[in-house]
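Have a look below at one chain only, the form predicted on its own, in structure tokens format.
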């Protein structure tokens, strides 16, 4: 469960969120849609605890796919997933299984610098899914992915994250549709 109560947010002198309140029930999927700079990413950061805003309550453990893939450059694709599984030789086969589910078998031993933008994106999503938790935050998760990869990942997210809370920040209504989200649109400092 996520509850935001009377959130206010400004960038310099420009106030983007005013008295913004919303509730995402346990197990619900919600998409925040709006223009760049309206506070979508900041709200996700507040839910994750990266940005401290008063009025934010989160029930449970959060797994986060940032807008940038944020992979560890010194770890291979498999090791980037394995780091959330226990980071041992015993858990490495599980990490490789996660990569296989997204069609990344050939990438297991490649470092981020050797991966395309779409491959990095998929590894970041797989790492968040492997981490698990109660709340999944997705910040424009399918950017740089072709339609087939988007559908494959959306199906995997739907399967793995069934019954758990999901909060998506996106510009693309198709992402919200693929993930079966209730859409809240930015209007006058709030998401409605």
Partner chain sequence: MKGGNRLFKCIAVPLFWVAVWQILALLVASPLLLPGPGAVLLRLGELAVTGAFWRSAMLSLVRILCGAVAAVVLGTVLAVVCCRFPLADALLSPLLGMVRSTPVASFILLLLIWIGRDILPAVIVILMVLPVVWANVCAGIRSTAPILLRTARVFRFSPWRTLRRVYVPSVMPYFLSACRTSLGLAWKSGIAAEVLTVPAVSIGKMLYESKLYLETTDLFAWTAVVVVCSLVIEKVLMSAIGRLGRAYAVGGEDA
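Numbering follows the first chain given and starts at 1. Just so it is clear, the model here is predicted, and its values are computed rather than measured.
The discussion below concerns the form predicted in complex with the partner chain, not included here.
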query	finding
Which of 55-63, 143-151, 31-39, 157-165 lines the interface with the partner chain in the model of the complex (heavy atom within 4.5 Å)	55-63
Residue contact check: residue 71 to the partner chain in the model of the complex, 4.5 Å heavy atom	yes
Residue 93 within 4.5 Å of the partner chain in the model of the complex, heavy atoms	no
Non-hydrogen atom contact residue 86 with the partner chain in the model of the complex at 4.5 angstroms	yes
Non-hydrogen atom contact residue 49 with the partner chain in the model of the complex at 4.5 angstroms	yes
Heavy atom distance at most 4.5 Å to the partner chain in the model of the complex, all of 178, 186 and 191	no
Residues in 111-126 close to the partner chain in the model of the complex, defined by a heavy atom within 4.5 Å, in order	111, 113
